[in-house]
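Next up: a single chain in structure tokens, the form predicted alone.
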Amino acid sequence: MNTRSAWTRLALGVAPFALTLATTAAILMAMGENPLEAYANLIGGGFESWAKVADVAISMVPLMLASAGMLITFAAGLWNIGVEGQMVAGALLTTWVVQAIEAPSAVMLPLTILAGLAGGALWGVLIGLLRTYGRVNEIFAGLGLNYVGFALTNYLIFGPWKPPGGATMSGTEPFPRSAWMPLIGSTRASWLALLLAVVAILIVYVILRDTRWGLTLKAIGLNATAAYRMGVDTRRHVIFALMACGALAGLGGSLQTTAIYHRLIPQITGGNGYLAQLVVLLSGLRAQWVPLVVLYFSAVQVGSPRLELRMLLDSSLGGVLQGAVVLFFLLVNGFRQRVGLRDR
């Protein structure tokens, strides 16, 4: 790669963020607001104290796990929109384990982790079976099962798992302390949850780069028909890909219950399953960039409320920044592909 090509790639990589800042700055100035002050409040809101840094770390965990799983299914050419349902399944099975078993933390915490992995994996296998044998596109299968998962969650919270005082939107009764993930000092962040998320993204990085299965998934993603004619059992690998993604997403849902809310709540996923799709797209399907993109999304999410407190701006500006950077990434990527085609 020559120097000019390297600079071009760098410029195209920075362009989505520069365009996002320029566009939102123009909107803010049209409203009579100072964009530099808004950005300073946004960044400061996410990193102004150790408590806020811990909140950013909390936000990163489920999003990184869901994104790590989606990297696997994207490699196989699958649009796994069912990550939300897989997160719910992990949270549900974890809650069932916590309510069914009384044990010390040394036993309970590994059980909750395994429950999260198993619940999400089984939900992913269900989507895979619908995809491969029922001929249902994974998008529709995943979306349909998302609604099933949320409906089942509401039924359990307002039915069999409702607190003794009556069902409320606050969810089930709090989990016993033995099922709470260990925290970092006096913050709300769990070092074990963060460690699990980092290990997950590292494992996915190695799988997709250095293993035969990773190469097989990429071959299926590029041309499933050609891979099948070369002797690859595409059905089996598709199911395994959805199962692996489901396991990581289910772990994210599990950690939402044991590391953050310490109970099951109706909207336990926090929308991270859908947001993970934007993270993976923005990372260019590269595992090594996912943590940085996740950090950006999490910092914006945590820092946004400060805009409302300090400048009386709606905190939804953070969502505009998140969506705009993905939009401009897609536009820049389309431009890059057109230029590449012209060069051939």
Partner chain sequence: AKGGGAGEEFVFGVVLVGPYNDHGYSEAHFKAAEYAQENMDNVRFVYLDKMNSADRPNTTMEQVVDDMINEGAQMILTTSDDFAADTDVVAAKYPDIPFVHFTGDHAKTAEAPENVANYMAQMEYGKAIAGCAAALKTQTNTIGYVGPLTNDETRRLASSAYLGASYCYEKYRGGDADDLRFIVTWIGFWFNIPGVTLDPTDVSNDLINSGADVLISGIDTTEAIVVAGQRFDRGENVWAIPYDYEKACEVKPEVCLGTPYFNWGPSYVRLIERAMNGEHAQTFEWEAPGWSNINDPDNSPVGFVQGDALSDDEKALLDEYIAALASGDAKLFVGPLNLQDGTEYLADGVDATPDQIWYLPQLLEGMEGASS
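From a predicted model like this one, the values you see are computed outputs, not experimental measurements. Positions refer to the first chain, counted from 1.
One more form of this protein, predicted together with its partner chain, exists but is not displayed; see below.
- Among heavy atoms of residue 158, some come within 4.5 Å of its partner chain in the predicted complex.
- Interface membership of residue 305, defined by any non-hydrogen atom within 4.5 Å of its partner chain in the predicted complex, is confirmed.
- At the 4.5 Å threshold, heavy atoms of residue 286 stay clear of its partner chain in the predicted complex, well away from it.
- At the 4.5 Å threshold, heavy atoms of residue 272 reach its partner chain in the predicted complex.
- Screening 88-96, 110-118, 259-267, 241-249 for residues having heavy atoms within 4.5 Å of its partner chain in the predicted complex returns a single hit, 259-267.
- Along 70-88, not one residue places a heavy atom within 4.5 Å of its partner chain in the predicted complex.
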